[in-house]
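The data below hold one chain only, encoded as structure tokens and taken in the form predicted on its own.
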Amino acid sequence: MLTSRALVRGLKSGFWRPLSSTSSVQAAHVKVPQYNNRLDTPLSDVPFVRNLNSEQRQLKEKEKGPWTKLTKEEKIALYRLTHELTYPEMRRGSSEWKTVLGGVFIFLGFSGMLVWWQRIFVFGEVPHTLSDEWVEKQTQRMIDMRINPVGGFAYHWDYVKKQWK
């Protein structure tokens, strides 16, 4: 009784509030444009590199001039300032399927080991009522008793010829 009162008082006093994860969660700024790599939106709102160093600033100044004076490496560097990935890089698949397939195989292996362990240590011998002789005797007894003669078991037995119809 006393411990339950102390627990209720502790919960009411807010002792647990700082320990919960909801008090430290902050919402993301959705009004600020963000960079994203998506095939359906090829031109994002902001460039990939926002804070340029001195080399990148010089390259941006050189970009304002004629593009025939730019080398191939400079054009690629300018592209990489604006975009992180090219279309072929975005379309390239990941290796995540290997992890998923590995997890499935681990799960199947563990399940198989569990079934094997149960067959050896949990389940006993097969009951004698499942032996062929027992099933044959039980079937003959059901036929002799004419169990469900209208549409069931005995319906499929020919009592004149003593064989299945």
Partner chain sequence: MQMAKHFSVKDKEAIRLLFSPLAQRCYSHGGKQETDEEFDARWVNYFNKADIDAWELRKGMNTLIGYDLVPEPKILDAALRACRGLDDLASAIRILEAVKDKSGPHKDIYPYLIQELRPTLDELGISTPEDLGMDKL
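Positions refer to the first chain, counted from 1. Note that the structure is predicted; figures quoted are calculated from it, not measured.
Not pictured, yet referred to below: the form predicted in complex with the partner chain.
Residue Asp45 is the only one of Asp45, Glu96, Asp132, Glu55 with a heavy atom lying within 4.5 Å of the partner chain in the predicted bound form. Considering the partner chain in the predicted bound form, the lone stretch of 100-108, 134-142, 121-129, 57-65 in range is 57-65 [heavy atom distance within 4.5 Å]. The closest heavy atom approach of Leu70 to the partner chain in the predicted bound form falls within 4.5 Å.
The closest non-hydrogen atom of Leu39 lies within 4.5 Å of the partner chain in the predicted bound form. Looking at Pro33, you'd find a heavy atom of it within 4.5 angstroms of the partner chain in the predicted bound form.
Contact residues in stretch 59-90 (any heavy atom within 4.5 Å of the partner chain, taken in the predicted bound form) are Glu63, Lys64, Gly65, Pro66, Trp67, Thr68, Leu70, Lys72, Lys75, Ile76, Leu78, Tyr79, Thr82, His83, Leu85, Thr86, Tyr87, Pro88, Glu89, Met90.
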